[in-house]
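Quick heads-up: it's one chain on its own, the form predicted alone, in structure tokens.
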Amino acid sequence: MNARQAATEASGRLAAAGIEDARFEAELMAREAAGISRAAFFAGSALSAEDALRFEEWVERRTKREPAAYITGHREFYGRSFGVGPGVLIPRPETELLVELGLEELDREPLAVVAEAGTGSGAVAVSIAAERPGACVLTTEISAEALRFAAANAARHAPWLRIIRGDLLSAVSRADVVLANLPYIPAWEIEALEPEVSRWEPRIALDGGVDGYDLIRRLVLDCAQRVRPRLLALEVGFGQAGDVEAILASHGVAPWRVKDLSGIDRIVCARWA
């Protein structure tokens, strides 16, 4: 059987398991399992016996709603492949906005110190460091599991990136630009999320406390009292921008919003200098 035929058969199983984009995911896993390009896939490239077994195993795992990125072991982000797996949040496309904001600030001031709080897989900080090799970029993470992924991704794309194990910015003495995609889901909402998130992704990367803003409040307070960056950019969930603006405004700054490609207010920013 060739890869395209195998994917067509598997897509029905994935759809039955509740996978929304079953056809695309089946194709993706078939190509990954066989190590072939999309052109080769559509040209009818055959699956070896080993490839077929791997693909079957992956499809079975996906029917149990394990995220495809955990199955293949990587996720594309800002034009680079990042290793991911259980224990680390899977990077989302909308988070690329944080990279763009960080790069814009470095274009204005190349000597600025850019710090990401809570890096997870390292996608944001690694991307910025790889795009601007001469810039001072550092990042923090409290989870030992996530740190292993961040270190491996940095070693691959930006080995000069400084990674610090620590809680938010507690171990950082200075930062001109602070970027963060912190946990912002209210604890009581997590179980109602799609299984790929609620069953598989690490709770430490999701749980924002009772209202979703526990870590955001702490980071904003630290920025207001100690760090005072010229830019703080916070990723937020759908419908949360107004609340986060209010948190920032209570510390005497004038926040603004940045929309993602879907028109959702995705990033809330503020300046202290």
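Residue numbers run from 1 along the displayed sequence. Just so we're clear, the structure is a prediction, and the values are computed from it rather than from any experiment.
Beyond the structure shown, there is the form predicted in complex with a small molecule, which is absent from this document and is the topic of what follows.
Of the residues given (Val236, Ala69, Ala233, Ala205), Ala205 alone sits with a heavy atom within 4.5 Å of the small molecule in the model of the complex.
Proximity of Pro195 to the small molecule in the model of the complex falls outside the 4.5 Å heavy atom cutoff. Proximity of Gly102 to the small molecule in the model of the complex falls outside the 4.5 Å heavy atom cutoff. Looking at Arg218, you'd find a heavy atom of it within 4.5 angstroms of the small molecule in the model of the complex. The small molecule is not drawn, but in the model of the complex it has no heavy atom within 4.5 Å of Glu189. Just one listed stretch, out of 153 to 161, 103 to 111, 130 to 138, 116 to 124, contacts the small molecule in the model of the complex at the 4.5 Å heavy atom level, and that stretch is 116 to 124.
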